[in-house]
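Alright, two takes on the same chain below, each alone as structure tokens: structure 1 and structure 2.
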Structure 1
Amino acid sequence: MDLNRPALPLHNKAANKTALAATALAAALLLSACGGGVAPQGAEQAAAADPSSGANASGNVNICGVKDASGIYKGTAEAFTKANGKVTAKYTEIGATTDEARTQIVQRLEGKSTECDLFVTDVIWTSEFASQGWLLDQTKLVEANKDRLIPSTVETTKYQDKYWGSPFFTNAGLIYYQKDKVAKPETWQQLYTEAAKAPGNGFVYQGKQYEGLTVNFLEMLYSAGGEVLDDQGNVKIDSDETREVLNFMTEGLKNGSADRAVLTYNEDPARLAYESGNFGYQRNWPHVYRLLNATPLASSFAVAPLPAWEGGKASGVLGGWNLAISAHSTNQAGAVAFIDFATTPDWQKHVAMDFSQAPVNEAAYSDPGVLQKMPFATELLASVKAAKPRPISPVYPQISQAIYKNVYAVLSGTASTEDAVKKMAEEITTAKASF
């Protein structure tokens, strides 16, 4: 998923229809919102995918989504077509960036277009799309395939006790560290202590005011036992754990554990800072491994799963992409067949070996071919298994914005921890009530 993008505005179903008609393009960009605990009528009545239908599927299946930079989508479609023999799959790019693809997907779903049978969806879109009744209910299909899927990845497809997609590939944060400078981190407290010991030991992460800061903060909050929303959707961010993590991150900037320049960093600047050799630790995504191996640091760094909070458990925040069947698909059986193929243990090995993505099948991580191409697979699996989804809500972008704006205010010194926590809780509550 692309973290370097702003939150998108809300789409309120109760909005004035005349105004929406006059701003059709804007409406397509807008997110849905749902403040209550009752599923919208469209979601309640959504049809369900039949797990057995894929065996007799035929015809054509069109999968739509973002620009296929790694070739994984087209490669999977071609391999499926060759292996299946009765269904021809095609991948159609409908956006050069994540936001563009999302806009195009929303336009098609709102317009009940039959062009796309399947959409490749960012894990944070599940609640929004499901709440509108735009997707086929995949609960039975996911349950039929659960033995091949890592449980944490399945949770990214869940909304109101049903599954609205199937995991395709996943993502979780890792710690890169200089073996000759610092120790492998077991806890966040140890990492920060090691980072402050000497110049050149410091920690770099994504601290810019954007989605990446939400993820970095939640990785610590979850590991400290905190949460944003509970299982019933109640706002729980106003907590001792939130205050503890914010104070810890702030103190790390003050004592030199983390360089203050992180307040300007997203993924690439953090990577480039670490590549300078002036830091001991870096928090980043798996794709950085390949890039680091092309630098002078190639032989000096190692990879570790995200550390635990002292006295708690390690917990990452899942990224990745899912396969969602359009409620308007004209070949739902073909879509089921494609999902069945894409999530098989055999194909999931190719997800890693051929396309350098993190599989959603646990067995793939111990495959010799995967380990040869992805030597850090064991560490990555540990991060994926310990990770959790971001807060599950149709208003997630507004929740994320409330988090990263207020976390940044504390880290940059423009707000106190207490004021920021109260404001964060108020803004999340307002977002949830906006539908």
Structure 2
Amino acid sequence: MDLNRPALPLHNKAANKTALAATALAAALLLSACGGGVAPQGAEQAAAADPSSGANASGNVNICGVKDASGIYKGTAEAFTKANGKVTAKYTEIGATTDEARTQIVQRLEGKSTECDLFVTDVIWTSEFASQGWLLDQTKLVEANKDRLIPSTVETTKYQDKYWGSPFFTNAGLIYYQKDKVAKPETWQQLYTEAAKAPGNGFVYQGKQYEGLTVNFLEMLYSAGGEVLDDQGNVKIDSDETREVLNFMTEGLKNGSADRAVLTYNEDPARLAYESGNFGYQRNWPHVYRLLNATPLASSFAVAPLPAWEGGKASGVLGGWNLAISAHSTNQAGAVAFIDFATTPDWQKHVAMDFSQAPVNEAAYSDPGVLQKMPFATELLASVKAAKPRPISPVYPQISQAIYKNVYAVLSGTASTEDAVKKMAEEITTAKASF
């Protein structure tokens, strides 16, 4: 899969100018034909999902998204089919990681494919997909649920004052640790020191060249007080904090805090490596809790929030997945019916109880049934609320690529910290200027 392909055709200025010219021409034609009105472009011209349409839906809804170890997508599709009686839902896995799923989805959307009615979209894709006019406007659906949702999850579906998806589940990184071998980590420095003390204490994380590495790196960078962009959108990655974190991670690979195999791990390989019992710490998402509980490590592991940077604070990166209706869906009403089901307060409890994922519905975290199955629900809610978003931009994939490629180059020993930081900043600046 070519993750290094250049920006999408509409993601550069020249193409945007062509598109604008075409829109202007279309608008002029429309004006002369109808005597008024201007045809807007991209997100603005998208059709809106009708919140009442779900009640009369029928047929099948095809939901497409990433491969998922937690079982939440297939499980929700099955529960919906059973509960609804008139509409069926099927989940189609298209891509092993978020990057691969995005490439697959973008190909379908660019080709106006009708294969998928609903996409499970990573929170980082909203601006890109909405700016291309690929999704139905879900403002009315989201407005109806908004009061019960964690505000940051609603923000992830927003682009230009409209909502383009319904929050399904949210995400925040956690540390799983073997409480008989290693201490609960209070700082990253303490975690790395403990991890290097004995061969069985090591730390596993997601260090492969992909989105997950951006997340793992930013979790440390944010807690060290660094940032990618400031509030005005200026590039701030060329900083002492970036250098400090890169050097810290590199040193950790050299001194045995982290096994070098992490450079090949995305979420599932990291989980499986940890299940061998040969490690002390693992950074992963909440869904790992339920899976780890079904292994021989069930009684020896504990869960902790991400640690603080020494002398700094604890922070995190907001993850999560939304339900977005394809502008080319041939069963929009069915897609609305599925969203109605997946976002009910009742199903949001199942999100936690059955799949160990983080609900977007705030009340779920204090439900007794949830607390029983997910004893760390209170801490998880605190982590979700403390997590910071990744940069919000229609060219986010290019920004992230500039981060993970250069972080990976340092970790794998093919670039110096200094060169990588400079390149990262340059590439992010170029990506931003391309839209």
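In this text, rigid core is short for the largest set of C-alphas that superpose within 1.5 Å between two forms. Only a predicted model underlies this, so the values are computations on that prediction, with no experimental measurement involved. Structure 1 provides the reference sequence; residues are numbered from 1 along it.
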Report the structure number, 1 or 2, for the form predicted alone. 1
Spell out whether the Cα of Y222 moves at least 2 Å between the two structures when the two forms are superposed on their rigid core. no
Using the rigid core as the reference frame, would you say P397 shifts its C-alpha by 2 Å or more between the two structures? no
Two rigid parts, two forms: what's the rotation of the smaller one against the larger between the two structures, in °? 34
C-alpha positional change at T81 between the two structures - rigid core reference, Å: 14.4
Hey, core superposed, how many Å does D354 shift at the CA between the two structures? 5.5
F169: how big is its Cα shift between the two structures, in Å, with the core superposed? 3.1
